[in-house]
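Given next, in structure tokens, is a single chain: the form predicted alone.
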């Protein structure tokens, strides 16, 4: 085969094709925008076609559940957890339930250079690194294979990620390499995803901040709770610290590119088939935007989570969290109104191509000034 995908608008970079290829013919490589795409080594390829058949964009049902979700407003009972979570602490409760059972949690983490990578956690301390938001597409690496190994060893696995990433894991496990019999101990938690920003732009911003502020970054935090949790403040709260300096800095230029100018998202996000109430996860989590209108008694400046239980396994997992979460079932209409990505993909601006032309020619610093 020459390519796995038909064009870039039909590839989400989930890496299922790479993990699935028994011949080792598929490699994920970054393009000029920093997004990973599969590249086929023609000398190794045996033309079996399994990579394309398994692709979440090509599969008719996109590995989504049939529907019938229940919608909840959720909030962790611990104030400390709320302060350290992006919204209402639902991920902490779900992952605690799996870790307490001797299970393993997979989710997005920063590496030593603040690149976003999927990682594996067996302890609360490792899991806690996954709690904060990370606004760049994560590199999956070998995590699908690692998860299959854990499942084969009889361990429970909670795998969190964007809907397309979870669809990729389903493709891998259900296509002969992992084995569909492993799904019994697998719990999938997807996020209501706005879109995925460029890892290249994020890496360049890290370098730019270090140059402008004169030091190496020691810590970054998206969605800090220094301001009260709400939709408006969620786009104002990127903070960072430098090594050897106790001061916290605020810099929202990345948010302006992402939420404001809307120019740094992956091409496939505009054609996302996962912007639907039919989810890929057993459980879906997000912010409960609009809670102050629909249920003001539940509103909290430290955050409230939207949780969807989408399957029987998801409902069982959520039941295990009742000691840690306050849960109130809510009408689906509230989330469908406030969470646009439950119905339609993001639309790109007309100047997206112009942005990238300027970026490639002049670099990030000059582009930010325009």
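Since the model is a prediction, treat every value here as computed from it, not as a measurement. Numbering follows the first chain given and starts at 1.
From this point on, the text means the form predicted together with a small molecule, which you will not see here.
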Note to self: Based on heavy atom distances of 4.5 Å or less, which listed stretch (235-243, 208-216, 270-278, 103-111) is in contact with the small molecule in the model of the complex?
What the structure shows: 103-111
Item checked: Interface residue in the model of the complex among 186, 200, 130, 98, criterion: non-hydrogen atom within 4.5 angstroms of the small molecule -> 130
Notebook entry, point to check: Among the candidate residues 121, 191, 143, 182, which is the single one with a non-hydrogen atom no more than 4.5 Å from the small molecule in the model of the complex?
Noted result: 191
Notebook entry, point to check: Candidate spot 70, 309 and 324, all three in 4.5 Å heavy atom range of the small molecule in the model of the complex?
Noted result: no
Margin query: Within 4.5 Å, heavy atoms only: does residue 223 come near the small molecule in the model of the complex?
Written below: yes
Notebook entry, point to check: Going by a heavy atom distance of 4.5 Å, is residue 65 a contact of the small molecule in the model of the complex?
Noted result: no
Next item on the list: Consider residue 161 of the chain shown here, and say whether it contacts the small molecule in the model of the complex, taking contact as heavy atoms within 4.5 Å.
Entry: yes
Margin query: residue 263 versus the small molecule, in the model of the complex: is there a non-hydrogen atom within 4.5 Å?
Written below: no
